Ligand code: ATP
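As structure tokens, one chain now follows by itself in the form predicted alone.
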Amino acid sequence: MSMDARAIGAQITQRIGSFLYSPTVRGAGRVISVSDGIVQASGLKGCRYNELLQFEDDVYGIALNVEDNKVGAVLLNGLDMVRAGERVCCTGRVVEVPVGDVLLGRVVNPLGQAIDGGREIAAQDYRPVESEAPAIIDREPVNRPLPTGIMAVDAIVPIGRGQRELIIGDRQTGKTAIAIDAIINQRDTDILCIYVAIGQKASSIAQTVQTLEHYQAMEHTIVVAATASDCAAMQYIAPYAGCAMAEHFMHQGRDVLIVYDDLSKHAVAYRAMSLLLRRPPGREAYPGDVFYLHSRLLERAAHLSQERGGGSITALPIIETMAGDISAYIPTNVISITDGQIFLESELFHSGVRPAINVGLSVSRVGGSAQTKAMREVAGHLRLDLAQYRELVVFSRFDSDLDKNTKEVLERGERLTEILKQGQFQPMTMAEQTALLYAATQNLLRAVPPAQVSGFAPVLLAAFREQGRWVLDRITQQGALDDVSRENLARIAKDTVETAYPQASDGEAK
């Protein structure tokens, strides 16, 4: 068999000419020291802030200190696997997490890996955990309500889609309970939910997931969990990872509710990392950029304009205070970033007022813009009435002889306080809340002893559901109260009160 040397040479020349080689240039260096999950490395020229670094044995870290002759990084995994002298390389990318519908109903870690014992997540899309907040020109005003199902919240401190409403209070005052109730209330809506647990016990997170599953709320929820046993770096990126997952849905034109539980532990984790990186400490030993830590996170919550799809991210950050001190460093920082706060008071909680919302210190800067017309009508003077009641309660302790008007104000305020009491995992629709508040604000419950109003409220609510279902549907459809609705709500309330308290009703009639 003869071979044509010229033909062979031509083929080789053609293949060499068509061969494309595009080498990837990476900065590489060596580990100088490793201590408490913090790595100091040298030789990483061109390394950028927040860049993902790759160590041997598939160990990764984030570059947080970029200096002239060395880089300080925090490890995400393999805390005991990195040794001094090992090779480290730049990856040219930042930390990314999987996003999309495939994550709904799952419990994942801040890297998007499943930790619920289910199948591995096969995501098609990824997003970086850090991204710029939407520009002002790309936003629309917050004017669509996001009902939480909690009457005290929806009436006094309403939340709108795209808002950032802080939940603040001492430990064991019901902060997480409000957030979980808000998630449960979205089970029959088109609003997706993301719950980010930062620095909590694994048993507490498991209990929360079990609660959401019990109330059929996990189908539209993603749980991002960075437990107390996870390293500080995982707790640090957890809220940003959850926000990246929410942004994917927002840019598709969908509405998302995200809960950060809680940012106090997030700040503590960042402080630990910063001190180990030898950054100069500031007030309460926090680094100087701790404000930027939370501002760049919460500013990503927005209501996008119709040109951008019209989606929204509503953020409910949670902050834990010490002895009710809302003037501490982290609480004041987050208060100044958010659009209002729900302040939960220990004294109210232990006295049986639950949710224990302090009306004087709680505020929503969106206000009535995020309420239906019907709710604005019945709750318009609610805050003022409750504030007057709280003030009179203090003065009434010093004087046993009160005039008739003062007694009436006290009784009215007590009834309003009792009607706002609501058990956990018992969300109400906006129409049901409107009906109850209409009965309370129109003095239709004056025959009910104030101490028994909270116990009578479920009876009245059941009457509205059975006898006035069409009225509730009418309020839901119109979003307002008309004369027909008012007349029928008053009739049902009066009949129910007369049935339960016939003697008191007869006495008032006389």
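Note that the structure is predicted; figures quoted are calculated from it, not measured. Start at 1 and count along the sequence shown; that's the residue number.
Absent from the display: the form predicted together with ligand ATP. The rest refers to it.
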### Query
Does residue 424 make contact with ligand ATP in the predicted complex, using a 4.5 Å heavy atom cut-off?
yes
### Query
Taking the shortest heavy atom distance, is residue 172 within 4.5 Å of ligand ATP in the predicted complex?
yes
### Query
According to a 4.5 angstroms non-hydrogen atom cut-off, is residue 355 in contact with ligand ATP in the predicted complex?
yes
### Contact label in the predicted complex: residue 176 to ligand ATP, heavy atom within 4.5 Å
yes
### Task
Specify the contacting stretch among 124-132, 280-288, 347-355, 266-274, defined as having any heavy atom within 4.5 Å of ligand ATP in the predicted complex.
347-355
### Task
Identify which of 339, 320, 96, 86 has a heavy atom within 4.5 Å of ligand ATP in the predicted complex; exactly one of them does.
320
